[in-house]
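Consider the single chain below, provided in structure tokens and representing the form predicted alone.
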């Protein structure tokens, strides 16, 4: 499966902490878009899609959530619950984000600009495409 957890180096002193994202260091790609998910209603599943061209880095900058990752053959569940660890997802990985804690904020970095045409939102279509 094309995913991995990446531990971030935390910089700081008595004033507070800081984490930076750098291509080739702790982020495997050049960031072209970022967004964050917050105020998620309990029981709601976010994501539920795969992307043909996008790679992702997901970081729970506040609270926690679970991510079910699926490459069409195998599924695994990863819990994100610290702001100094990111989940890298490669191309063509189905992702479901769920079980968000109260006040959770999930930061998402990606290597592409938004393009609706590269999204696969039907799981059966994803399985057909990934298993060709």
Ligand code: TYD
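Only a predicted model underlies this, so the values are computations on that prediction, with no experimental measurement involved. Positions refer to the first chain, counted from 1.
This protein has a second form, the form predicted together with ligand TYD, left out of what is shown; the following refers to that one.
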*Answer with one of 92, 37, 27, 78: the residue that has a non-hydrogen atom within 4.5 Å of ligand TYD in the model of the complex.*
37
*Which pick from 66, 84, 52, 46 sits with a heavy atom within 4.5 Å of ligand TYD in the model of the complex?*
46
*Does at least one non-hydrogen atom of residue 74 fall within 4.5 angstroms of ligand TYD in the model of the complex?*
no
_Quick check on residue 9: any heavy atom within 4.5 Å of ligand TYD in the model of the complex?_
no
*Please run the contact check for residue 32 against ligand TYD in the model of the complex: heavy atoms, 4.5 angstroms, yes or no?*
no
_With a cut-off of 4.5 Å between heavy atoms, is residue 119 one of the residues that contacts ligand TYD in the model of the complex?_
yes
